[in-house]
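What follows is one chain in structure tokens, specifically the form predicted on its own.
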């Protein structure tokens, strides 16, 4: 009897989490749709949504227009002001912190420039911890912080938020998660993820890819990272270090040197340094502003800038071809600085795909830029912050409220 009751409680907790995940991702879902998606009857759904509403996690409204006769199915919506997560994004050139409500809405944010100054763990933690304390202090007294998530541009050990390798600024085995948690002083662990992995999750949940079960997200910062969703799940590898597509070998013969120690890696051939070098602007431009400046020059007729984009697009196309042939995605999304480059390099990428991708895979694949723009990786960090709540809503809320 006791084991049966325990199993029933586990099933109910799982169902509560699934209801909340749908509402968190979609923003508003009718009871009827929830019942259909989850394969449960309406009375069970009504009980689950009532429990979540009593906890202050969702609210239920009558839809304005249904177009159908009879009693309308109530619409379940997240309560973004009741609970929130803290999300942080560490890119090569910027630091961002945000208070994000359930449903993914950014309620408040802070941003600072990050200098390219080598191993700067102490400085990064100091800035982000200050942001986090300010954001938490500005929240209403009756709200609850349910988690903290952070995105970092490097290889992350998810168990403890250790940055195992961040080549752009030389981070090796830096205890980022533990240090940020201590600096925040909120008594909450900091969940840390690779920026491209989190970008893939964010685009899958609420960006360019909802409903797409197999997609690839390519993120450009100074280098290039990748996140791959297979069957609705992140492909992260045995140790969490999978999908390092920036270090896929694309030019083995006369490739540019890469910070990883190899030559001809994808990020060496298509990253910021390569573009600015090919455009003849390496001594005067830097960062995202530099990338956008080269794109603007190409659009205005600058021959060298146009040739640089063509060369970058050709090597990017080689990488995309390999990924499509390997994973047969329905969608490839370009984010970060690759979003800025996309329209300028798309003809060369498409040409490579037309020439080298297997016809059965080429027919169905679509290319797109990130729908979340510069907030893609921040949104992914927010998903980390909400992960415990979306797994076990009532238990997590109770634990965080004490």
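Residue numbers count along the first chain shown, from 1. Worth saying up front: this structure is predicted, and the values here are computed from it rather than measured.
What follows is about the form predicted together with a further copy of the same chain, which we do not show.
Using a 4.5 Å heavy atom cutoff, none of 61, 171 and 402 lies near a further copy of the same chain in the model of the complex.
Only one of the listed residues (249, 106, 121, 139) places a non-hydrogen atom within 4.5 angstroms of a further copy of the same chain in the model of the complex, and that residue is 249. In the model of the complex, a further copy of the same chain sits within 4.5 Å of a heavy atom of residue 236. The shortest heavy atom separation between residue 263 and a further copy of the same chain in the model of the complex is within 4.5 Å. In the model of the complex, a further copy of the same chain sits within 4.5 Å of a heavy atom belonging to residue 352. Residue 165 belongs to the set of residues with a heavy atom inside 4.5 Å of a further copy of the same chain in the model of the complex. Stretch-level contact check against a further copy of the same chain in the model of the complex with heavy atoms at 4.5 Å: of 292-300, 200-208, 250-258, 179-187, the positive one is 250-258. Shown without its partner, the chain has 40, 41 in segment 16-41 as residues with a non-hydrogen atom within 4.5 angstroms of a further copy of the same chain in the model of the complex.
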